[in-house]
Structures are given as C-alpha cells and as structure tokens.
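Before any questions on binding or motion, here is one chain by itself as structure tokens, the form predicted on its own.
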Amino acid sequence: MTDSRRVLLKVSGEWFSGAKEKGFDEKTFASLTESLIEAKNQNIQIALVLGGGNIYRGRELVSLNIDQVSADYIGMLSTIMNGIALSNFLTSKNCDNSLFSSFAIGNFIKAYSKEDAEKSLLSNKIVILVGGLGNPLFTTDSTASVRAVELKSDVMLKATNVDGIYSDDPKKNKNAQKFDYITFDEAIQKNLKVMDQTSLCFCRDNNLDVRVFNANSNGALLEALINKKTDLGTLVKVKND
C-alpha cells in the first residue's frame, strides 16, 4: 500500500463527454470511477474539481450578447450538473463520496466548507467540488488551485487530452519541445497555455506542485493518483531541482 497522501484532481468537462461533442460518456465515467476507487483503496485522499464544458461553453453565448458575468454563472451551473452525475455514478458503484457546491443551491447539494470537506476526506470519501469559486470571472483552474491549497493537498493533478506541456502546439509544430519539468515562472514568462496566469501565480506563491498529464492514456489516471514519483506528463514546480 502506498503512503497516505492527498491530491486535488482537476477534470475538464470536455473530458466527460469522451468522443462525443457534448453530454456524458459512460466509458469515461466508468474508467474514472475505477481509478478513483482503486486509489481510495490505497489510502489516497482525493478531491475533484469539475469543469462544465461538456454541457456549456462560454463561446456559445457570444451571439446572444450575454455578458461575461452571466455566462460565467451558467458555466458554474454546468459544473454542478456534472457533479450530480458523477456523485450518483460513484454511489452506484458503492463508492462513498461527498458533493459540495461553492454556493447554496436547493437542499440536495451541501454548500462547501473547508471543515466539512476535510472531514469527508479523512473519512475516506471522494470529495467532489462544483460551482467554481462561487464568483464570476474565475476559471475552474483557479478554483482547483484555491481548493488544493485550502485542503492542504500534496499535489494538484490536471487531467487533459495532451501528454504534458510543450513549448508550442505539438499538433501544429512537430519540433515543439515537451517539458518533463518546468517552473511556474518559466510557464508564466513563456505564456504557456497550461493554466490561466492567476492559477499559475497562486500555485507558485503557495508552493503547490502541479502535474499535467493525458488522462486518456491507459492507466495514466491511476498512476498519477497513487505514484508520488511518477514521470507522467509535466510537473510544474517553484524551482527545478
């Protein structure tokens, strides 16, 4: 069994839809759930922050002249729908979990508090965090970095569709260099699109390592969750060793 550790896993909404353009992909839910259960059984405490891009994308409302603040609120509601779906799927697989929204929404989702989330993690429950930060104009990457620091996570894992961070778009530039390690300052200075600048600065200032990896690779998600010394993807750090 691995030593106990705590991780914050950021999952994009687009990843939930699998090969579909929108909606939910059962194979993706099953694969994610299998990895979460296995990691939980190995004494890993896991909190997830969910995106909502499989239900709603901000660019879709541009033609309707909906302002950014209202568009962001719609995005927050999309993450809540994803959270309800994932929580129910985990429950159907006998995986204990707690779902928290950053703002009150009815009586069927608990409002987030650091203390309640901490208790759930210590009780070996998967914690699902939705609703962003509860305020517009912040990305779910920023949400993930703030929650990771609040919950004293050992690392933030960013599950993506690419196998790490590159110097350029590898699909457009075959000579793009993949980084095994990179500092936050380098990522900021090079304007690499791994996360938004606010999130990068917050992680740097709180000394929170971030690992970016391809969650579609066979076994990658479980490997990232349980292995402290994995070489998957790219590790973003305050300083290079």
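Quick caveat: nothing in here was measured; it's all calculated off a predicted structure. Each residue number is its position in the shown sequence, starting from 1.
Quick note: we don't show the form predicted together with uridine-5'-diphosphate, though the next part is all about it.
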query	finding
Distance check, A71 to uridine-5'-diphosphate in the predicted bound form, heavy atom within 4.5 Å	yes
Contact of F89 with uridine-5'-diphosphate in the predicted bound form (heavy atom, 4.5 Å)	no
Contact label in the predicted bound form: T140 to uridine-5'-diphosphate, heavy atom within 4.5 Å	yes
4.5 Å heavy atom contact, K178 to uridine-5'-diphosphate in the predicted bound form	no
Option from 168-176, 48-56, 206-214, 32-40 whose residues, in the predicted bound form, bring a heavy atom within 4.5 Å of uridine-5'-diphosphate	48-56
Heavy atom within 4.5 Å of uridine-5'-diphosphate in the predicted bound form - residue from A117, L133, I109, V155	L133
All of E14, G75 and T79 with a heavy atom within 4.5 Å of uridine-5'-diphosphate in the predicted bound form	yes
